[in-house]
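Presented below, as structure tokens, is a lone chain in the form predicted on its own.
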């Protein structure tokens, strides 16, 4: 590569590089610096406090709650959304016609505003809603959906599953469409039909889709904010208190920007570590089925 070609390459890449520097690198280094200060987001004066913010965060009950709540959400959300999206993809895949129409229809919830969806859900399950009135009149059930730690978490998980099932189903659907028919024909000759074909042929062949959907779903759990913020505010009893809620409360409600930044950095480390572990587990599973 000559110097002229190199200059042209740098020139063409410069808009993206400038964008990354302004909106990613500079904020990243600024955040790393703020994490070691006691800045309150307003005052121009602040002091360096060393690693005290990180120590306080590690021993904070609300941070520990955010840590465990994230994995609680993950244990519920990931199996539900993977099973739901896979079943939906299989149904759409075997439709005789209008596959695209149904795929787009189930994808639409993903495009819906999280705030709007959460407000609708909150209205549907509110105490005086027609739905709860029906449960009380017909079945004698008086359920406080958002007042119970278990039910509040379940409501948020199911709402997010509804929102993302259609999106992840498209990923599984693309994987199903890419499986050669010859593979199924060979499996049928070997006696793999019905459920055996799904378990021993379809699912292993969908490894790339499983890999992508699982990593996306796991990463999503560390960025939950809108749904618990609108529905529960993190309650009851920290049952739906997420990392993003903790960061928001500390940085913008309590004006502890330095401490909030330290929590955000810890969140990033936990996120990357969790995704790395899931990647290794998925790669090990894929390796047993010939995916290297």
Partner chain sequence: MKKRKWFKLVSVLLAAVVIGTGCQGQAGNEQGEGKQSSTVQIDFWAAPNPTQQAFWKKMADRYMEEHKHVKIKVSPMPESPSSEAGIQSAIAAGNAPVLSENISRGFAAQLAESRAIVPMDQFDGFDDLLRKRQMETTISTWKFADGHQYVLPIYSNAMLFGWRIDLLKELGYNEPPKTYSEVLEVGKKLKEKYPDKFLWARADLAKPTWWARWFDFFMLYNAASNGTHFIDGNKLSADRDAGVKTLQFFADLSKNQLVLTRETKDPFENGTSVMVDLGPWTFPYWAEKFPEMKFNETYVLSMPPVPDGMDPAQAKTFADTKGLVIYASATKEQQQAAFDFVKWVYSDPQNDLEWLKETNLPPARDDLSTNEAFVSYFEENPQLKLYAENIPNALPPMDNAQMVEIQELIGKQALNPVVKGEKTPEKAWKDMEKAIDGVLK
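If you're wondering where the values come from, they're calculated on a predicted model, not measured in any experiment. Residue numbers count along the first chain shown, from 1.
Heads up, the form predicted in complex with its partner chain isn't pictured, but that's what we're talking about next.
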**Message:** With the partner left out here, check for me: in the model of the complex, does some heavy atom of residue 67 sit within 4.5 Å of its partner chain?
**Reply:** no
**Asked** Using heavy atoms and a 4.5 Å limit, would one call residue 31 a contact residue for its partner chain in the model of the complex?
**Response** no
**Message:** So, residue 146 and its partner chain: in the model of the complex, are they within 4.5 Å at any heavy atom pair?
**Reply:** yes
**Message:** If we define contact as a non-hydrogen atom of the residue within 4.5 angstroms of the partner, is residue 248 a contact of its partner chain in the model of the complex?
**Reply:** yes
**Message:** For the three residues 41, 127 and 253, which mark the spot I'm curious about, does each lie within 4.5 Å of its partner chain in the model of the complex through at least one heavy atom?
**Reply:** yes
**Asked** Which residue among 190, 142, 182, 177 has a heavy atom within 4.5 angstroms of its partner chain in the model of the complex?
**Response** 142
**Asked** Of the options 18, 269, 25, 277, which one has a non-hydrogen atom that comes within 4.5 Å of its partner chain in the model of the complex?
**Response** 18
**Message:** Pick out the residues of 7 to 36 whose heavy atoms come within 4.5 Å of its partner chain in the model of the complex.
**Reply:** 7, 8, 11, 18
